[in-house]
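The chain that follows stands alone, in the form predicted alone, written as structure tokens.
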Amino acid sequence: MKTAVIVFPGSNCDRDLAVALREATGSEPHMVWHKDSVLPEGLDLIGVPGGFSFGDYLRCGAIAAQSPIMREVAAFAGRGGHVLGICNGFQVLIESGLLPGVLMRNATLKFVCRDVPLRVEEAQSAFTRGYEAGQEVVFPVAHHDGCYVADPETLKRLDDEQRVAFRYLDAVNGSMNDIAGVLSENRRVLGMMPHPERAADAQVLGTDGKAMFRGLVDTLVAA
């Protein structure tokens, strides 16, 4: 399985994501700089990591979304490739038009950094097949602009099409319908604010995230 992690100025979770992918796949991810205009050939999965791309100037993820490599990521997703965006990566995917909605300032107007309980809402995508629908997991969050907002029609469509991957189980940031992660229409792009890559090692912060990476490997290798 061949993976890549996109790196922007201000990314600070790129190595965390690379470690989680390496442990799951047994191979080293390609670290792709934002100014690159070509992706490595034969990729199965692209990760867009957390951090503060371009210092979160303008809007979180807005400048990163204009990077040359994001045109290639969008094309990869358009061909049916799998893309995982975490925290700032979720913001970048929304600003790139790969996922619906917007991510606003937390309702408390404060940075939130703690472990949070989540419920797995669907278990049919490549990202969630390592879980059972309704399963409760704990991932850490670390964000200031993670409040998911969408118009009523979008929220209904996400629910009707079972495209909400995770929901918060307590008040974290004011997200509508407690949404913590959403899938694209073809279910091959996932954006989420919590950090599964920080919960993939028993010696660090737990292992609830490990099932995501293991499920991705099982699904994509079989395909």
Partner chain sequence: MKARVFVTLKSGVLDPQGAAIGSALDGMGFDGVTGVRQGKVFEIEMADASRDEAAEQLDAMCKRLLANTVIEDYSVELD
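Residue numbers count along the first chain shown, from 1. These numbers were taken from a predicted model, which means no experiment stands behind them.
Separately, the form predicted together with the partner chain exists; it is not shown, and the next lines address it.
The stretch that touches the partner chain in the model of the complex, counting heavy atoms within 4.5 Å, is 62 to 70, out of 191 to 199, 37 to 45, 164 to 172, 62 to 70. Although the partner is absent from this view, Gln135 stays clear of the partner chain in the model of the complex, with no non-hydrogen atom inside 4.5 angstroms. Contact annotation: Val112 falls outside 4.5 Å of the partner chain in the model of the complex, judged by heavy atom distances.
In the model of the complex, at least one heavy atom of Ala107 sits within 4.5 Å of the partner chain.
In the model of the complex, at least one heavy atom of Glu95 sits within 4.5 Å of a heavy atom of the partner chain.
Contact with the partner chain in the model of the complex, judged by any heavy atom within 4.5 Å, is made by just one of Val102, Ala74, Val116, Ala142: Val102.
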